[in-house]
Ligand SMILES: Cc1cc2nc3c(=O)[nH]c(=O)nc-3n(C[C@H](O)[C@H](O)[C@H](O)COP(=O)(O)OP(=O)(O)OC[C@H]3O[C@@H](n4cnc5c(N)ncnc54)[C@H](O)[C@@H]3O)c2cc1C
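Next up: just one chain, as structure tokens, the form predicted alone.
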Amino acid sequence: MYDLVIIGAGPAGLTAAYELRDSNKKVLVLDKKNQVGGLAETKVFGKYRYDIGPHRFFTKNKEVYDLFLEILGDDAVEVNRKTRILFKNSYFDYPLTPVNALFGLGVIESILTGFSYIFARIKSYLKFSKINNFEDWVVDKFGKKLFNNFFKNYTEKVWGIDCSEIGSDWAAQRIKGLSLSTAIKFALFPNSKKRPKTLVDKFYYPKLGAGMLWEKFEDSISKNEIEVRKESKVSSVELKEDVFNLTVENSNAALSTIKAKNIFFSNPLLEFINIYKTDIPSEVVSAANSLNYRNHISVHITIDKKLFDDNWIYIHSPDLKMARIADFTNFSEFMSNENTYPLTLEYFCFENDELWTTDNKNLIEFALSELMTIFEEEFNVVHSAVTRNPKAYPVIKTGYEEHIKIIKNWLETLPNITAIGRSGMFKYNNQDHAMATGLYAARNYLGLGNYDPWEVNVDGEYHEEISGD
């Protein structure tokens, strides 16, 4: 019998386990994958290493930041920050500079964007604007022209739904104070009295990939006699006489039963509801069926030529399906062999989309064709692979809050079950936020406070910023 079983060995689950390492509680961490880290995992194929996607760790939470550096120790490398946007065959700095915006957009387009912005602000001042969704929010703050040029294509590529169907709260979270839009606004109106916040110039990164942090967490936890059991998929959870019976399937499809008094889960919220076999109210099932996740595909390609020096590039061009591309040698020289450059090309889709069901060979060929369209340079491919992550991004569709409220209220009636992390809580949080939810859940369990993990990041700020003067 375990005191606590944690489902999911990603940032939230492993941070919770780490917080419990000296508690004398019998704790077990389960993960269906063969590697810890969740979406922050580093994929290793022989001598080739790739992150599933680019990760730039930064947080306003000093405790989480100190923990990050404590775990990494000498394996933390300082990285210069550089990110750009590809739009209409032109590159824009992120954030934009006035000269970059002027010559990138062109004088006429810049003027039109300025008038569009002024028109939007007048409408807002006169209270003619109605804010019901992401598109409304962005147009109200920055104008229709700016929205069409720098928000619509990329946002719909990532989320797979029209911007008018995305909740306005997501815009407020990701755009408040610091964003592409704020940067463009300052680029077009450089004499504005209120300067935008600027992005951090440097950040720390694990020298062997983002997943190295979570492998070190795993090592530390294991030394404290907390088992992390991988390739262990939880297929059902049933409450019997105040004890949870978890049916677990290993890599050989063999089933076993694990008993626990408490459960933390960071696997997808909808997945947990599907495997929970004790009575679930019909309104909770209905709310869950109204929610959706976006799947994520990483096409990993190592080539013999340096194509760019950004950490990553946002692909805003509407004629390309690719969303982002990262070169991990621009994070750490230890991520590659000599004169080779590991890239991850990211795609987003739904489970029934053709892209998700395309075989790896054709996916790699398609990604390479898009890569060559962008750079138009010759290079040789020395390695390639594909990683698929189902239910990676919770779709923040208009009205989702009401569905989550129903599910959250139900979970509050189950005192021995706690949702943590991005997927478990159906919140579009960053890695540091996921860690914080794990910390707080663990402290609640130990009776060390009365924290609410659901309140993490409710201030609506994207935590990768420093204040401008």
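Numbering starts at 1 and runs along the sequence shown. In this text, all values refer to a predicted model and were calculated from it rather than measured experimentally.
There is another form of the same protein, the form predicted in complex with the named molecule; it is not shown, and what comes next is about it.
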Only one of 281 to 289, 365 to 373, 380 to 388, 233 to 241 gets a heavy atom within 4.5 Å of the named molecule in the predicted complex; which is it? 233 to 241
In the predicted complex, does each residue in the set Lys26, Thr418 and Pro453 place a non-hydrogen atom within 4.5 angstroms of the named molecule? no
Does at least one non-hydrogen atom of His296 fall within 4.5 angstroms of the named molecule in the predicted complex? yes
Hey, in the predicted complex, is Lys32 touching the named molecule, heavy atoms inside 4.5 Å? yes
Heavy atom to heavy atom, is Asn430 within 4.5 Å of the named molecule in the predicted complex? yes
Going by a heavy atom distance of 4.5 Å, is Leu4 a contact of the named molecule in the predicted complex? no
So which of Lys145, Lys216, His300, Arg324 reaches within 4.5 angstroms of the named molecule in the predicted complex, heavy atom to heavy atom? Arg324
Contact check, 35 to 52 vs the named molecule in the predicted complex, heavy atom within 4.5 Å, ordered by sequence, gives Gly37, Gly38, Leu39, Ala40, Ile52
